[in-house]
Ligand code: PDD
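Quick heads-up: it's one chain on its own, the form predicted on its own, in structure tokens.
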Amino acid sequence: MANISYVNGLYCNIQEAKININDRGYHFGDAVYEVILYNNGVFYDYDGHIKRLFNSLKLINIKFHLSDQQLKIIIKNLFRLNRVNFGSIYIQVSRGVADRNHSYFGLKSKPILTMIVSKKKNNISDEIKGVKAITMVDNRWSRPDIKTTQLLPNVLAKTYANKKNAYEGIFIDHEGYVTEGSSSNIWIINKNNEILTREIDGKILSGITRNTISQFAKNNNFKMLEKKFTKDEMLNSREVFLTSASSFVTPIIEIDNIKIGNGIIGKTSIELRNLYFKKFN
């Protein structure tokens, strides 16, 4: 278990870590975050995650005082102090401490950086298992492209999916199009052997693993399209898979009790998963 955390300039035992009760991240979810996987000295998609962190900060007008290089020093120190070889780091930046007030106009608060390292079991292997998913109405706020800590709809969706013995909940918008999973991006391979994932249209988070897999597909002569697809298209596709920083490329073999590809893991999902691991290992 990782015991050392980082809170507002201090390395401290996780049991002694404290956040002010007036932190705006606590009151309003007025904070952004990232999660980065680490494997024996290698960070998975580090630059992409840090770039997105700073972009999220900019989009909600938080003026952060550390550079990406300063962040990296802290992150490396945390893995060293916790003696973690395989795991992940959770990075959060809130707007800071202030009396409770919805508006931050004219606020002089200083952003607060916190980090927690998690030690994980190394689940990178050639053995790949398909998972089940269910669909649900997308009831999130209209800016899921910003990676904020306001995750209650996602939490409820993931929990509901787990209660239904499913790995992921897939959001469907009011027009019947797939947006994304509660904690992942969703992909299909259609009957024409085209790989589809929704375009970055403000209705989904620009997943860092998504971007990497998209580039792999293009570089390896797969026919890849970034466009919307419906729930019916997904249910009738050859393959469905999800991508995320913690799930990599994970095939979905059943959605709403309907088998995808006869419930058999497709070869494209396996190829893309192997390409992803090959890059970082």
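Owing to the predicted nature of the structure, the values given are computational and were not obtained by experimental measurement. One-based numbering along the sequence shown.
This protein has a second form, the form predicted in complex with the named molecule, left out of what is shown; the following refers to that one.
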item	value
In the predicted bound form, the one of 113, 205, 172, 78 near the named molecule [non-hydrogen atom within 4.5 angstroms]	205
4.5 Å heavy atom contact, residue 197 and the named molecule in the predicted bound form	no
Partner contact for residue 209 in the predicted bound form: the named molecule, 4.5 angstroms, heavy atom	yes
In the predicted bound form, residue 56 touching the named molecule (heavy atom, 4.5 Å)	no
Heavy atom of residue 253 within 4.5 Å of the named molecule in the predicted bound form	no
Option from 103-111, 139-147, 159-167, 69-77 whose residues, in the predicted bound form, bring a heavy atom within 4.5 Å of the named molecule	139-147
Neighbours of the named molecule in the predicted bound form among 176-206 [non-hydrogen atom within 4.5 angstroms]	180, 181, 182, 183, 184, 185, 205
